[in-house]
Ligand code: BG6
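Below, in structure tokens: the form predicted on its own, a single chain.
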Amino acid sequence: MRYHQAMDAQEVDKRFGVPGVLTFESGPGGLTRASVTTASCSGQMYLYGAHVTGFQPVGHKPVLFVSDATMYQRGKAIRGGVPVCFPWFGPHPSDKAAPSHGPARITDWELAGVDREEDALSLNLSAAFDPYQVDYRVTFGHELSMALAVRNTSESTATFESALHTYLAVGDARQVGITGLSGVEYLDKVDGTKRKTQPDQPITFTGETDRVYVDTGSACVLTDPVIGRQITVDKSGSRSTVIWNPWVDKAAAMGDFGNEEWLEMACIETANAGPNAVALAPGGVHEMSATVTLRDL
């Protein structure tokens, strides 16, 4: 049995809910939200946008950031958590009216099924974006795992970009450091998309930061001395990593983002963007995955 948007949250819960582990309810804006509670974590996910908005291992603070100012309404993306960017990243290359980062994050996805393990739970969702069929599996457990599988249903090669745009919650963005990208070239979108090379030192935030690191499959580790933890974002099937923080002026200019919330977040995005766009043969399948894990300092 699959979920279709015509069902209300109560009916979805009757068909897919697991007492004490998985419930579906009508969240803000009437959007159907899944709430997960396992022996290892709690989490939340909206079927709108297949959007993960919460992941919190037992005994720890929340790992994901979601803006208090986000607009929970169709046609607008949820600000924070893990938006799914597909089949393009950023503005559409030719259509200014097309939604930023593609339609995936503003689409109602179908719930195809739920798999339960002893201390983890997976939600399987799907959506179609011509000419692609996309299947997305999100597993809440000791770690948060997300796998996006794209199949080209057409009879010709099709090229797409994708990203799992992960917003991480931090104690103070000015004090975190991100390692794993030393020596990697990046496109600096704050400086005219100039191509630069990351020095052999942690990435730190001292102003607006928007960088697309290319040709890298490396894991990244965010060290947060304020909260006292490290968050690792490992990945596969991804050749780009995006590092983003809007800083003061851009945060103030966004209507769905609090003026001071830039202090509370840092994005490490698992992606295939720009020069790492994926050319997929007819009938071909490409899978990109990201795994978020946590450890105390």
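Numbers follow the displayed sequence, beginning with 1. Values in this document were obtained by computation on a predicted structure and should not be read as measured data.
Although not depicted, the form predicted in complex with this ligand is the subject of the following passage.
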As a check of understanding, the residue in 74, 142, 92, 189 with any heavy atom within 4.5 Å of this ligand in the model of the complex should be identified as 189
Would you mind picking the one in 161, 108, 210, 224 that has a heavy atom within 4.5 Å of this ligand in the model of the complex?
210
Please determine whether each residue of 79, 101 and 242 possesses a non-hydrogen atom within 4.5 angstroms of this ligand in the model of the complex.
yes
Should residue 250 be counted as a contact of this ligand in the model of the complex, where contact means heavy atoms within 4.5 Å?
yes
Interface membership of residue 137, this ligand in the model of the complex, 4.5 Å heavy atom rule:
no
Is there a heavy atom of residue 86 no more than 4.5 Å from a heavy atom of this ligand in the model of the complex?
no
Partner contact check in the model of the complex: of 175 to 183, 115 to 123, 144 to 152, 161 to 169, the stretch with a heavy atom within 4.5 Å of this ligand is 161 to 169
Who in 266 to 285 is close to this ligand in the model of the complex, meaning a heavy atom within 4.5 Å?
269
